[in-house]
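Take a look at this single chain, the form predicted alone, given in structure tokens.
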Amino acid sequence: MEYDFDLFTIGAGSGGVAASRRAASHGARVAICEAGRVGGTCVLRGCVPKKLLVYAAHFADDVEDAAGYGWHVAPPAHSWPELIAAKNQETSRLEGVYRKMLADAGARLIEGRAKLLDAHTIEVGGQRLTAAHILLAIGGHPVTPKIPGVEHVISSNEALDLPTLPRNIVIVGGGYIAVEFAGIFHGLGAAVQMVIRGEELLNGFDDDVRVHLAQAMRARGIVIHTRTEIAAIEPEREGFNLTTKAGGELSADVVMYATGRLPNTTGMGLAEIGVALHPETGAIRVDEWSRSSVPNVYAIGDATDMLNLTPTAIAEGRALAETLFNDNPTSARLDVVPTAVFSNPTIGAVGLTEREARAQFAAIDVYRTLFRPLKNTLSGRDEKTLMKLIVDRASDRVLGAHMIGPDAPEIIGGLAVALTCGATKKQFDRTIGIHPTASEEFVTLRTKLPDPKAKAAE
């Protein structure tokens, strides 16, 4: 059968665009469909605009620290509307870049909401199109619990476009989105309270990093309410009153929920054509080749709810294009994936946490250092950097690297190459560091921490 397209991609975010461009470069006839703006979550509502706001928030530290270096700066004033306008201008520019990249690659952009009618037929705005292969790169959306008054809250989407900076904000959730926005709003002058169900922030990260971040955020003045759940939200004359399940009360001008995201899989006809979905999340089940239960229907990125990171979606999309259209069977390697949290202070991590490594290996060695960054010696800022290496004792292979402090994501990005190559601790030890930098600490760590049992016996 002759199809209209070799590949029909639904979703013009980072993963979908990467897959479509790569497929088109190999000669495939490609269409990419988008119901909203081109660029997806990362460019329009996530990584890029959020990090621009993170940069803005960090200037408060820079101004404060400057006095220790002899700079005498008049009390600064910040304009939230000017920041948001500048952010919007940049995301619009990037949307234009994405549109041009697709056009230059020869991929046809179709604007509208897509629905699958069968394994090879897509309907967009009443028009029916066919494709040999269909790629679902449809992303996800924020979700909130069903409690009274939840209609009054905002998500990270709306937080990026508030007309004014709130004086007092409550952020519900303890994941990376929550801690990043807590740092943004606090750095720009808002009073910030966080509400989390557990004892520590950032489930899934190394425990030392989680504890260190909470200590640093509290030292900056951010209030973290642990083991707390919101039962109801009620509007007041100015702002909102939040009632906890334990009967406590909080108040805020703005309430933001960052309590998770779900894939955008509803209303697309996926289950009807046989695409297997996770019963609770709606995530598309795929194999290592990004193939769903329908052989010619594929899914990448947040739609699969596995590793919801932009670089992994891009890697999955490019691998799929290589497999389908370049006679080069490729699957994305997702066993060593670095990640960053642009909190204040920032976090970088790659590989296994200590808890994960102890569960998977017979014996591990842990190296950890805590030190005051050189910059803070003159600025007077009492904030320390934490670094940690996890090593398999039997093979000497480095299993994980974790850091919280200035430039952590940039430093961990380099270490990710080493871990991907299977570097050993001995190879780290042989590496000559750059002095004076924080990064040299990772290649000068020599003292192992005692094993937990040995420590308990002391």
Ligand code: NDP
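Residues carry their position along the shown sequence, with the first being 1. Source: prediction; values computed, not measured.
Heads up, the form predicted in complex with the named molecule isn't pictured, but that's what we're talking about next.
Quiz item: Can any non-hydrogen atom of S251 be found within 4.5 angstroms of the named molecule in the model of the complex?
Solution: S251: no contact with the named molecule in the model of the complex.
Quiz item: Would L309 sit within 4.5 Å of the named molecule in the model of the complex, counting heavy atoms only?
Solution: L309 belongs to the contact set for the named molecule.
Exercise. Please check if G274 has a heavy atom lying within 4.5 Å of any heavy atom of the named molecule in the model of the complex.
Key: No, G274 sits far enough from the named molecule in the model of the complex that none of its heavy atoms falls within 4.5 Å.
Quiz item: Within a 4.5 Å heavy atom cut-off, is P145 in contact with the named molecule in the model of the complex?
Solution: So P145 counts as contacting the named molecule.
Quiz prompt | Answer range among 372-380, 167-175, 214-222, 69-77 for contact with the named molecule, defined in the model of the complex as heavy atoms within 4.5 Å | solution = Only one stretch passes the 4.5 Å heavy-atom test: 167-175.
Quiz item: So which of T304, T259, N344, T353 gets a non-hydrogen atom within 4.5 Å of the named molecule in the model of the complex?
Solution: Going through each option in turn, the one that passes is T259.
Quiz prompt | Partner-contacting position among K115, K87, R99, R197 - heavy atom within 4.5 Å of the named molecule in the model of the complex | solution = Here the answer is residue option R197.
Quiz item: Is every one of K50, N203 and A340 in contact with the named molecule in the model of the complex, taking contact as a heavy atom within 4.5 Å?
Solution: Judged in the model of the complex, K50, N203 and A340 all sit within 4.5 Å of the named molecule.
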